[in-house]
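One chain is shown next in structure tokens, namely the form predicted on its own.
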Amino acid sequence: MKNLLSIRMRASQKVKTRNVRSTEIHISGAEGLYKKSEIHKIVKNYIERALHHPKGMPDTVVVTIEDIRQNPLTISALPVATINNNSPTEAENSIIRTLQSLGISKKAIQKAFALIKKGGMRGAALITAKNGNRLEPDRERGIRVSRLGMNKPALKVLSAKLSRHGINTDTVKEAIILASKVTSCKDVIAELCVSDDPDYTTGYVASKIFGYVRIPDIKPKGSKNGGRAFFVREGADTEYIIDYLERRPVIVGKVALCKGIMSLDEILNRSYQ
């Protein structure tokens, strides 16, 4: 795909803290790679999303449209499965087992949990898998995955597969696209995501090995805390990772298996891929 545009939306709200200083909180965000003919439709959809979000009405909505001059890299989507899970406690145990199966240390996992439960980060944390060190240069901003999309034939196939399991929503599709780009980076082992949307309580763990694993009831309904953590190899090139995730254009051009609800053991045994 050539002659693409990156369209990005960020909606935020200023609130006063206890010390009377104003701070900016994230309300909503969306982005993708599109053709010029799609600008009006996409911008309208993004603004509607920003103005009707359960986290509240933003006082700032910024839409950025940027020409993409670099030919995008084409990747495959991760296989999709949903874990059989019924509570935040079960979810946390499943996350720990999954990440430890990928060689990620207890220290690194605890660091990620602490950051996500605290909330407030605008992007993702980069955490080394063994020592649990944070690598992102700006710890308030974090790392923002950008310049990503899915071509129309693949999106049509993905929508059909997700519909069979009742999960064909923009939220799920956008998360799959993002997680597929993140885990296609050679130094990223896994991603842990918990949405800060108070009405959305399904998070995920994504990795090259286990795919995109949806985790229902990852937090109590009504909780606005959430965040992302990318677990990376010790000694990884931080500049390369940031450049790839934030600036390298990537298009998902192929769809993998999409399964329904499975046990954690089935997922960890990779019986669905």
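Heads up: residue numbers just count along the shown sequence, starting at 1. Predicted model only: the values in this text are computed from it and were never measured.
One more form of this protein exists, namely the form predicted in complex with a small molecule; it is left out here, but the text below deals with it.
Checked against the small molecule in the predicted bound form, the residues Val182, Ala77, Cys193, Leu99 give one hit for a heavy atom within 4.5 Å, which is Cys193. The partner is absent here; in the predicted bound form, the one residue of Leu135, Leu115, Ala175, Val145 having a heavy atom within 4.5 Å of the small molecule is Ala175. At least one heavy atom of Tyr204 is located within 4.5 Å of the small molecule in the predicted bound form. Proximity of Ser163 to the small molecule in the predicted bound form: non-hydrogen atoms within 4.5 Å are absent; the residue sits far from the partner. Using a 4.5 Å cutoff between non-hydrogen atoms, Phe210 does not count as a contact of the small molecule in the predicted bound form. Heavy atoms of Arg214 reach within 4.5 Å of the small molecule in the predicted bound form, making it an interface residue. The stretch in contact with the small molecule in the predicted bound form, judged by heavy atoms within 4.5 Å, is 196 to 204, chosen from 196 to 204, 91 to 99, 149 to 157, 116 to 124.
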